[in-house]
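Encoded as structure tokens, the following chain is the form predicted alone, with no partner shown.
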């Protein structure tokens, strides 16, 4: 009988402790903690915000210089040698700044072509890889047929990379153009380049494409896409239910997952300090060369 009484008292104590915790937890709230933190920040004298390194902005212009964040593929010696090879290749050919959504023309050497060269124009739908394995994919619709060509950025057969229209899109990858209407990725092969004034920011194209009816190559409704306007028109009720069941809203709070996908700021600063001077010298020399080409001496008129 004493054992039963002892167990019941233990249960009562546990229940009382759980109720007390629940009541205390209900009284506390997140905004109160935030307000307290703000008050503390205001009271701290001489508090200076963290300094922003301007060299870190180069990760958007030259993303291939950053190594693979997967620790299994990290090798400091190989990465340093690859960066030296990449700088040497950039001294031989001009690799301009472009992003996913830019319209690019690539000329490569082709021994089987008529003029020993081959030129392709398309919109960049993806840019991935690091080091000498960096690559990008161009897509265009030619004769009512979608054509995609994958190029390695530091391929020695590339003779010229020309940006015809420099712009960004709402999404990081544009694979949904495969299921979009053909007019969204149809560009003439003789398209003239659009020159932006020097110093202007890269424009963002807010266009939203329309997808063709299903079937699709991927389940675009399960991806948070900003550049598609008519996904809901082609969905049934069961598709919406499955999309809600497969949502993972907690991943944006997973700090370890974000850490594994990024390179620490200290490593990035070390890389940019290593390659910044040479990249800047190449950019200045190419600007001077372009100015010399555009300037033409006036012809003398004979009397």
Partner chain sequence: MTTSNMKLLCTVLGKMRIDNIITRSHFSHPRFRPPYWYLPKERVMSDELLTQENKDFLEEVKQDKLIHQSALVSPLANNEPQELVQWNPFTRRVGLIARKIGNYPMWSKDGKKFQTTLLQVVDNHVIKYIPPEEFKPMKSSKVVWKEKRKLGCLLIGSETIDPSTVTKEYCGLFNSVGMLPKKHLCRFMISPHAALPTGTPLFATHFRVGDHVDIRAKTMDRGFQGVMKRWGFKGMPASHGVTKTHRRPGNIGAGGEKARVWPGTKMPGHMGNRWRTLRGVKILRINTKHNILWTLGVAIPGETGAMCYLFDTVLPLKKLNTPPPFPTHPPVEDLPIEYHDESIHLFDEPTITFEES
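It should be emphasised that the depicted structure is a prediction, and the values quoted were computed from it without experimental measurement. Numbering follows the first chain given and starts at 1.
The protein also exists as the form predicted in complex with its partner chain; that form is not presented, and the subsequent description refers to it.
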Practice item. May I ask you to state whether residue 216 is within 4.5 Å of its partner chain in the model of the complex, using heavy atom distances? Key: no
Check your understanding: Closest heavy atom of residue 81 to its partner chain in the model of the complex, within 4.5 Å or not?
Key -> yes
Point to revise | 4.5 angstroms heavy atom contact with its partner chain in the model of the complex for residue 129 | key: no
Practice item. Decide whether residue 89 counts as a contact residue for its partner chain in the model of the complex under a heavy atom distance cut-off of 4.5 Å. Key: yes
**Study point:** Interface stretch in the model of the complex with its partner chain - options 185 to 193, 199 to 207, 147 to 155, 98 to 106, non-hydrogen atom within 4.5 Å
**Key:** 147 to 155
Point to revise | Listed residue that, although its partner chain is not shown, lies within 4.5 Å of it in the model of the complex (heavy atoms), from 223, 75, 162, 229 | key: 75
Review point. Since the partner is left out here, which residues of 255 to 278 would have a heavy atom within 4.5 Å of its partner chain in the model of the complex?
Key: none
